[in-house]
Structures are given as C-alpha cells and as structure tokens.
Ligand SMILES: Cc1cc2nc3c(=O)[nH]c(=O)nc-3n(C[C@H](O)[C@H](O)[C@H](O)COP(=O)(O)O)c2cc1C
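Just the one chain here, laid out as structure tokens, in the form predicted on its own.
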C-alpha cells in the first residue's frame, strides 16, 4: 500500500508525525510533501526537520517539484491524506488551484478517483472554510477535523493524538491497535 501524506502549516503537526510513524509500523509506503509553512510548523511544534520525517517515508518531495512522480495520475498510490490541512490548502484543493506539488497531488488524487482525506485544523471556522469543506465532501473527500473523542479516557497527549491517528488509519482500512474503539 502507498499513501501520499501532505503536511501544511496548520497547527497540529503532531498528527502528521504520529500518522507517519503508524504507517511505517504498518508497513505502508509513505510519500511525503510539505508546504514551506508545513516544514516550519513541524519544526516549531515537534522539533522535527525534513530529515527526521524522511526516516518514516519512502521519499520526501519538494513542494516546488511539479515533475515529481506524485504529480501524475500514472503514479500508483492508494490515496492521500493532508494532515494537518491549513485553510489555504483546503481552498486550493477545493478550487483546483494547484500552485505546488501538495495541491497538485490532491488534484491528481481527486481526478483519479482515489481516496482523499483532509484533516483540517482551524477554529473557529468561517463560512468560506465550511463552504470549501462541503464542496470537497460532495466530491467524495473525507473531511476529518482534528477533533479527538474522549470516550476512551485519554491520559496523555499521545493518547489524544492516537485516537485521531486511529481514525485516519481506519479511513484507509489499515489495521492498527493505536486507539481503542467504542465498547472495547
């Protein structure tokens, strides 16, 4: 299985790190593309650099490289997730404005009819944000706000992040034991 992972400048880089770690543990091939702000927020919030992320990825692409394999529908992959997804990137995907590799990869995912999951990280949301999410949802995109549940009685930040990462993995039907399910 191959998943493209987009990382943008929305707060919540911890989700992308944990998701990539879970993919690696599950034996899933990850191809990563980060926006400039995604790289900066990743370092600010998690202390992770591009090199650190490469330990969890088959390849990390430059967002300016529109010749990268993930920019083409001929690149065989099972889906893409943008985690966290800034409202700028959400708007670019919703309108087909492929100004970089990350947005282009999402555009390709949509045009090829593959699974696209977007994990928006913004609050509060305005009407533009909601309209863009609705537009994408109507196209079949899974909108998964970073809103963890608390029914499993999390004790640590890792527990809270794990509940969201478990849902992300579930969206791609990837088996895991990261988080408990309701009633377990």
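Being a predicted model, the structure only gives us computed values, none of them experimental. Residue numbers count along the first chain shown, from 1.
The next section is about a form of this same protein that is not shown, the form predicted in complex with the named molecule.
Although the partner is absent from the chain shown here, 37, 86 and 89 each have a heavy atom within 4.5 Å of the named molecule in the model of the complex. This chain is displayed alone, yet in the model of the complex one of 41, 70, 146, 32 has a heavy atom within 4.5 Å of the named molecule; that residue is 41.
Taking the partner from the other structure, the named molecule in the model of the complex has a heavy atom within 4.5 Å of a heavy atom of residue 11.
Among residues of the shown chain, residue 121 is one whose heavy atoms approach the named molecule to within 4.5 Å in the model of the complex. Checking 131 to 139, 41 to 49, 23 to 31, 155 to 163 against the named molecule in the model of the complex, the stretch whose residues place heavy atoms within 4.5 Å of it is 41 to 49.
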